[in-house]
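In the form predicted alone, a lone chain appears below as structure tokens.
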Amino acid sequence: MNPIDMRTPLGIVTAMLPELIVVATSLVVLLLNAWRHRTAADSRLAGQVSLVGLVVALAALAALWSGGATAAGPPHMVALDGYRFAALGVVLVASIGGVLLALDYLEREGMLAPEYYSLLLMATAGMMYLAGAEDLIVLFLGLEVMSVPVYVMAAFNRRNVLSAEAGLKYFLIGAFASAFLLYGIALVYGATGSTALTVIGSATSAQGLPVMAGLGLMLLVIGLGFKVASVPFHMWAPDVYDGAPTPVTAFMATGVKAAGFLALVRVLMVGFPNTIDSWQPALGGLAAASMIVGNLVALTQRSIKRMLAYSSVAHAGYLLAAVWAGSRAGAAATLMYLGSYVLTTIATFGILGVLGRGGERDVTVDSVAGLARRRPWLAFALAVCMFSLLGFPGTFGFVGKWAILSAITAEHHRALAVVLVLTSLVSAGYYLPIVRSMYMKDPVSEASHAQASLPAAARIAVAIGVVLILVFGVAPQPVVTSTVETARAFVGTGLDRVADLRP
């Protein structure tokens, strides 16, 4: 494929084809909602159209990526490189999983408003712009296009006061985070005279990091820290994850987190590559705090859904540790770990959605007792997910954590590596009891798990997730090679150090 000139309309359409397909699909679903919006069949049709649109967008992305699409001419507002393509792939996989989990769940819970899928598609488009932004204005627009639909989705169960509370809390905290981010953009622009990350990178490389730009960078990290739920900006996450409908929680825990981290990687590596000594200490502190607080508080939870909410804070810490490395190895490890986390989390919440009713807030460790006797394949899938989240050898999660450790130790930060290992051991205290309860305890009653059966759409999402967790855990080399290659997008930014990521 020849370099794409994004100064022309055709070039822009070609480069932005995956995003445009998602936006067009959201508009089609919106029109479909105006025509058919009363029955379960109408809601399912909207979901099926959304699924087709996301798969087509994924195919368009694969065509651009395999064709080696690159940008011609000066820097543009949206990146056109392998890292952006991989980032969009992670976001689209998370969105496809979100649709598959919702198809039967919404019908079962009586939430038959088909606009759910329009909101999901609009949020997906925002995530794609956020993850691929090479200009702070596009980053902010992507963040808002992503956030507003997710606020509504969190409160989608209008009959549940906890869902309404989740939506309100997420809206208030999200608006607060957006204010930090916007003020940070203004300060960076005032100090460098540009919002383009490449220009900002050149300016900070030539003149160092001015005080105003440093303050702006701090506010940018705070704004994105709220979105990825890192300590101390995590206060909203447990209540919002717990109160939102389970498919929405899965979508937020994967897509929103992935887009936020991928945007953070590009901001730091392209916009502030040679000022690494200024942002590494802060990022290391946030990573350590997130790993420690997330794991310790998750250890005290009995509700599985709330435990997963706090564990997502811990996983944010692991990812921050990868970003802290400030190298291509760190960027590759971030991408790899996000891939494993998205697959595992989608599968986990898909299983959780059939273990309870009405938001699944009451599903505890004791609730899954004896699941292996009544639903052996369901128990096996959940056990694989727990082992992957723990980072057990033979799973994709282990490969991701090994990549993060390799990136950290290559930069000689042994303290952060020790915190990661020790907190991962702590996480065994809340992941393994779920496995023990499923396999070593008797069911609570004769009727336990009688209705725990995955519907067809969710079964596809869970099956694909579990298979890939095991396949990439046993044979990780293709994924390792691919992520290292995609991180070559940052060659020449000053952060092109390479570490061996092979487990």
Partner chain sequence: MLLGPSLVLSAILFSIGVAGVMLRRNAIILFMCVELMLNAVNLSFVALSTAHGFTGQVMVFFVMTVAAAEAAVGLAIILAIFRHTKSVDLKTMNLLQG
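Numbering follows the first chain given and starts at 1. Every value quoted in this text rests on a predicted model; they were computed, and no experiment measured them.
As for the form predicted in complex with the partner chain, it is not shown, yet the points below apply to it.
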query: Within 4.5 Å of the partner chain in the model of the complex, heavy atoms considered, which of 271, 132, 243, 97?
result: 243
Interface stretch in the model of the complex with the partner chain - options 97-105, 178-186, 83-91, 316-324, non-hydrogen atom within 4.5 Å: 178-186
message: Does any part of residue 356 reach within 4.5 Å of the partner chain in the model of the complex? Heavy atoms only, please.
response: no
field: Touches the partner chain in the model of the complex: residue 167 (any heavy atom, 4.5 Å)
entry: yes
- prompt: So, in the model of the complex, is residue 239 in contact with the partner chain at a 4.5 angstroms heavy atom limit?
  reply: yes
query: Does residue 311 reach the partner chain in the model of the complex if we count a contact as any heavy atom within 4.5 Å?
result: no
task: Pull the contact list for 113-142: residues with a heavy atom within 4.5 Å of the partner chain in the model of the complex, in sequence order.
output: 137, 140, 141
